[in-house]
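As structure tokens, one chain now follows by itself in the form predicted on its own.
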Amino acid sequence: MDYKIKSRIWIEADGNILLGEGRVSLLKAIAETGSLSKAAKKLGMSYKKAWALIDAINTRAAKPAIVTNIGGKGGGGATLTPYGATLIEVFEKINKNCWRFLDKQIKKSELE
């Protein structure tokens, strides 16, 4: 039998969630689309929720992860900052290492 351990991780800042899988997906979608509203639509979430998540990330992080441009004739937009790209990279590395560790632990177990 092939056992797997399932787990979700997140990073907190001062006891509040900074990053998790959903927030990282939102950051990536903003990087791809250049727009908070398009990213929210792509992920099937409301603009209001997406804005609240980005505001929470920007407030809790050491530096802004996303910068926004006010709409108008040329349209608005949102841009992933270099720090935002670093947040994604670090989270994904930690997450991948966590999964590797958990896979090793289940293989060491005596469940079989």
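Residue positions are given as counts along the sequence shown, with the first one as 1. Remember, it's a predicted structure, so these values are computed and weren't measured experimentally.
We do not show the form predicted in complex with another copy of the chain, though everything after this point is about it.
Trainee: Looking in the predicted complex, any heavy atom of A62 within 4.5 Å of another copy of the chain?
Mentor: Although another copy of the chain is absent here, A62 would touch it in the predicted complex, with heavy atoms inside 4.5 Å.
Trainee: Test of understanding: in the predicted complex, would I54 fall inside 4.5 Å of another copy of the chain by heavy atoms?
Mentor: So I54 does not count as contacting another copy of the chain.
Trainee: Would you please decide whether Y83 lies within 4.5 angstroms of another copy of the chain in the predicted complex, comparing each non-hydrogen atom pair?
Mentor: The answer is yes: Y83 has a heavy atom within 4.5 Å of another copy of the chain.
Trainee: Check L18 for me: does it contact another copy of the chain in the predicted complex (non-hydrogen atoms, 4.5 angstroms)?
Mentor: Residue-level check for L18: yes, a contact with another copy of the chain.
Trainee: Taking only heavy atoms into account, state which residues of 85-103 are within 4.5 Å of another copy of the chain in the predicted complex, ordered by sequence.
Mentor: T86, L87, V90, I94, N97, C98, F101, L102 sit within 4.5 Å of the partner.
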